[in-house]
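Given next, in structure tokens, is a single chain: the form predicted on its own.
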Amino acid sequence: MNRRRLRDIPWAVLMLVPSAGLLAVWTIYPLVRAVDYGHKQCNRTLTECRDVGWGQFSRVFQSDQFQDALLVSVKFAVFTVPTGLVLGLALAMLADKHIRGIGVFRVIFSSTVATSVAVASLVWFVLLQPQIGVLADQLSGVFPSLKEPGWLNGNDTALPAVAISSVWAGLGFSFIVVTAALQSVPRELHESALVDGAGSFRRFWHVTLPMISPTLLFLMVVLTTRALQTYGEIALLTGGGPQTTKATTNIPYLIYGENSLIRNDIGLKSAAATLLFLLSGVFAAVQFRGFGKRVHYGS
């Protein structure tokens, strides 16, 4: 290492200090505290705590409530991740054209990135509301369940309805990420494939898809992690219900939800939050392991 690089090290460390400080305060410290409280039983004021051992993590994981919430979280990820990925790719492909006025559609497709979870949930609550909802009025003849009992109130439709809201809210992000990846694909590759007689589908399958596969893998991991951590949509649209079946009570709602059975137990909540962190890492590792070999990193 030459002297110039050695002189740059203090500046590099100085530049990293703000980000490292925020990471330590808002991520590492809360995680350490969650792990610490995860093997304790405390009163509501946290003035008295006793250590009950690391076995509390195992008991929480094996409990019926956590297993049911984990199943809901996995179902929600299955509903949202492939749909969000495919729609984001489809919209990006449609907008990846050099024609007049295409910028307007790019703005429309990416507009939901500026929409908060609260606003998106309110929009879909109004659309799906059985009495005054626009979709309920217009499509009740095709889907009677929109009126009775209402998609947000049905045991079988509540989770897909929340998934629709979540996919719509996250579609702008998916579109922007895939659009950036498409713009990095060399046009010379498409021109060469076109000269060789490749049609639109073959150019997409053999040129575009391999070149943007690292981005798609990144987006899949991000969308999966977000799906596992979804709370706002469920709290605002269904409150973890319908209450008789708790069909939308996922792990975050089990931890934070107003109707959660462990809401006032800091030990159980911390253990569940730590398990959610570990499960997110496991899902990400499985995705990298399963799809990493199919990703093309060449230029």
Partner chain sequence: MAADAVHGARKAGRYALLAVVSVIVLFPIYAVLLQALKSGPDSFDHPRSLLPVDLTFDTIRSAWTIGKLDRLLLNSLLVAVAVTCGVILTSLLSAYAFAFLDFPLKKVVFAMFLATMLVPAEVTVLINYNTADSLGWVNTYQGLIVPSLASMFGVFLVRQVFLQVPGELREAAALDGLGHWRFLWSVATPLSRPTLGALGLFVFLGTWNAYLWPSQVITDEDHRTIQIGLEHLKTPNDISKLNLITGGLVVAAVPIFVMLVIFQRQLVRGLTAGAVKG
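So that the term is clear: the rigid core is the largest set of C-alpha atoms that superpose within 1.5 Å between two forms. Please read these numbers as outputs of a predicted model, since none were measured by experiment. Positions refer to the first chain, counted from 1.
The same protein has a further form, the form predicted in complex with the partner chain, not shown here; the description that follows concerns it.
Though the partner chain is absent from this view, in the predicted bound form it lies within 4.5 Å of a heavy atom of just one residue from L71, I176, V86, V78, which is I176. You can rule out all but one of 241-249, 265-273, 48-56, 63-71: in the predicted bound form, only 265-273 has residues with a heavy atom within 4.5 Å of the partner chain.
At least one heavy atom of V25 is located within 4.5 Å of the partner chain in the predicted bound form. In the predicted bound form, the partner chain sits beyond 4.5 Å of every heavy atom of G290. In the predicted bound form, the partner chain sits within 4.5 Å of a heavy atom belonging to A20. In the predicted bound form, none of the heavy atoms of V142 sits within 4.5 Å of a heavy atom of the partner chain. Counting a residue when any of its non-hydrogen atoms is within 4.5 Å of the partner chain in the predicted bound form, the hits in 30-45 run P30, L31, R33, A34, Y37. Once both forms are fitted on their core, a CA shift of 2 Å or more is seen for P18 between this form and the one not shown.
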